Structures are given as structure tokens and as C-alpha cells.
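Only one chain is shown below, in C-alpha cells, and it's the form predicted on its own.
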Amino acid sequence: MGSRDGVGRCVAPPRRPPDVVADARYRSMVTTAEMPIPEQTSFPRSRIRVLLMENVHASAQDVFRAEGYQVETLREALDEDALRERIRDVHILGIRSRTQVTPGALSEARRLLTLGAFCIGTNQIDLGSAALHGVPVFNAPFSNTRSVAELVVAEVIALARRVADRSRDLHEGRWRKAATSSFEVRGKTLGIVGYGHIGTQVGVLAEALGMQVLYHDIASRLAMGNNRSATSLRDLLGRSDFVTLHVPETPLTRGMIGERELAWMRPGAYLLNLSRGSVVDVPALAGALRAGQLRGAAVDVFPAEPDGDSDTFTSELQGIPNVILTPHVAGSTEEAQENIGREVAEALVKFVNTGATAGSVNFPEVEPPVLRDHHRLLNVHHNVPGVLSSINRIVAESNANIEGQILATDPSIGYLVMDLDREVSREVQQQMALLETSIRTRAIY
């Protein structure tokens, strides 16, 4: 099969373990800031179509339009049928958390080069299917770190002072001034489950308030400030006045806080979940709160969330005193959304223009320097033995001179970036695309 819009696809034999490594000539990489962007690309930038959904921040549009790309925006998410229709002629797709990118939708993405999740999570995207279609996925794992951390600290104080209850009383015409069950957070212990970028920020801010900080993570983490590592999850739950969760959604974290774990918590403690809705057994949490086992909770994420602002929301946690419920807004600040828009858009542009995949969540990561006066070919292929030798044979038969070559692999796919002589690049591209192992072959410039 030949290429279309610089893309070639075909069916591959069954996958086997990797047997190739990257060329040593690209071991020395330049930084993102140092990497020049080629002025000429093999596919005109003015014809690259971008679709941004779910009200992605305008900062992303600015990045794409500065490159000369065509940009279309939608405020809402699309269901699978609508997405299958819209994705067919799109080169870059940008979504947030509501749009589900399924294998069925990807099967219609004839021209899709790359996909951006303008948020932290990527569980709404079938990452394996995207990789097998030659589509790297990029997200923004750090841009809203501060926004989430600040809300956690604000809710810790609000729970300790029962601010939500007192506010509701006044809205309903009741004046209830009392110090009962109202506490300072200074000297209390905050337990952080998941000590990554957000968890460490929360620990720093909490320590500045005079709190003692414990943390637990399945990976070894260096403590920030005077934060201390708990010996286990049970140890952390039993010693903490406040417990805040900052873990991704994985098979290990689904339902990690249930009846047993809630029973391990210190009587009268508080639970905060601003991570993923699947992490906490919500009925069990509601039961612990109603029974007085816990004194309060703050929940920003839920197992099932409405598709749009006009949809209704129900939860077992509604109506329980000293429970703060927010509609998945922990990272929703103007600063965070602007940063996310810019960060993800720049990663997508860099991939389209140079082939760099550093930061991709489903692709082997490479960041090759741009070489002038040569043509660059990208080849995504099934990771089976003998692929590199087949490609190098094509190059040798074309009498091409390879200026630079890097190959990175994961168990499913290999990703090859090759810079070679201009005179033979088109012939090499066409032959490379015809290999049975090839998923996608593209010339960048």
C-alpha cells in the first residue's frame, strides 16, 4: 500500500519481543528550547487541520494558528458516532476528559497524526489502539499541579472549620455561631497517598501551615522539607487527621479506599479525593460519614460524572454534613488551563514538525535534533525481529547516505527517525511504507 498525505499503513504479522536499539549517533540530544523548527515541511502547514473540543483554552489555538494550521473548536464533547464522523479528515485532535477516543473512532482517523489530552488523565483514550494506528498521545501532567495543591489546602482548612455548613446555614437564614467541632490545622497530621508532583506540592504547602506531613507511595520518593514516609498505607491512615489522595487510575488504585481502609482511619478524621473517582468506594465513604466514623470529606471526582453542565448529578454523598462536593474543578483555574493549552499544543506541533515524541504517554520517546539540508522520514512499525535490517536494506539499495538514525521501541511498536539524502528520500519512503511491518511512514521535511 502506498502512502496518503505522507502516510502509509498495512497489516503486520503477530507481534514479538523487541530486538533492536537506537543508533548511538543520536545519544546526544538537544533541549526543547534549543531545537529549531524546520521552515519547510513535506505537507503544507496551511492544510493541517486541528479540531479542539471541550472548550480547550485559547492559548492552544494561538500556538496552532502561529504555525499556520487550520483550527476548528467545539465547546462540547462528542459521542462516539459523532466523533467517528468528525475525526476522518483531522490531522490533530485535542480533547479534555469527557471525550472517549475508542478503537472504533481511531479506525476512522485516516489522517490523524497525533492526539492531545488537554488535562492530566488519559484513561479516556485507548492508548494501545492509538499506538497501533501510529498516533502518539500527549498530555499535560504538570501544568495544573499548583491549582490542585492549593484547593487541597483550602479544603483542609474549610473542613476543619466546617465552612461549607456555616455558609449553607446563612444562605438558609440560620445563624449558628459556635466553636464546637471547629479546629485549627496547625499541629495536625496530613497524610498524602501518592507523592508525585501534586502530592509533594501539597506537602510543602501543608508544612508551611504548621502541619505534620506523612506520605505513602508505591515508588520510592525523596521527601520534601520535613515530610516523612509512612511505613504502609495502613500506617498512614491510622496516624493522619486528614488524608488526601493523589494517585492515577490503575488496576491497583481502583477501589483502594473501601470499607476496610476507612476503618483503618483515625476516628474523626477527614478524607479528600481530588484524584480519580474510581479510587474511593463512595457508598462506603457515605456510610462512614453518616455513622460519625469520619468527621468530613471533600470530593472533586466521582465514579460517574455528567457529560455536560446541563446534566443532573446524584451521589450518595449529597446532604451529608461537612462534605464538600465540587464538579471536577481541582485543576480548573485560568492559569492552569492557559498553561495546559500551551504545553500540549507545543508538544503536538513539535511532533508534527520534527517527529519528537518526548513526553508521549503511549509511544517510544525520542527527541532528535533537526538536521539541515537533509530529509527526515518517520516510520512506525510493529515490533518484530528484522525490521531494521529490512529498512537498512532499502536504504542501501537506493545508495542513500544516512546522516542520522534513531530507533526506539516498546513491546508493541518501534519508532524510527531517519535523516538521509534528499535525492532518494521519496523512493526510500515509498519502499519503507510497503513493508508488511509498517504501520505508518511519513516524510516531515
Ligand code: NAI
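Nothing here was measured: the structure is a model prediction, and the numbers come from that model. All residue numbers are counted from 1 along the displayed sequence.
What comes next is about the form predicted together with the named molecule, which is not displayed.
The single contact residue among Val301, Val135, Cys119, Val349, judged by any heavy atom lying within 4.5 Å of the named molecule in the predicted bound form, is Val301.
For the options Pro368, Gly341, Gly331, Gly191, the residue carrying a heavy atom within 4.5 angstroms of the named molecule in the predicted bound form is Gly331. Remark: all three candidate residues (Phe142, Val148 and Arg276) come within 4.5 Å of the named molecule in the predicted bound form, counting heavy atoms only. Of the stretches 202-210, 253-261, 84-92, 153-161, only 253-261 has residues with a heavy atom within 4.5 Å of the named molecule in the predicted bound form. Using a 4.5 angstroms limit between non-hydrogen atoms, Tyr270 is distant from the named molecule in the predicted bound form.
A residue is said to contact a partner when one of its heavy atoms sits within 4.5 Å of a partner heavy atom; Phe242 fails this definition for the named molecule in the predicted bound form, lying far away. Looking at His374, you'd find every heavy atom of it more than 4.5 angstroms from the named molecule in the predicted bound form. Using a 4.5 Å cutoff between non-hydrogen atoms, Ala223 does not count as a contact of the named molecule in the predicted bound form. If you take 220-255 and check each residue for a heavy atom within 4.5 Å of the named molecule in the predicted bound form, you get Arg221, His246, Val247, Pro248, Glu249, Leu252, Thr253, in sequence order.
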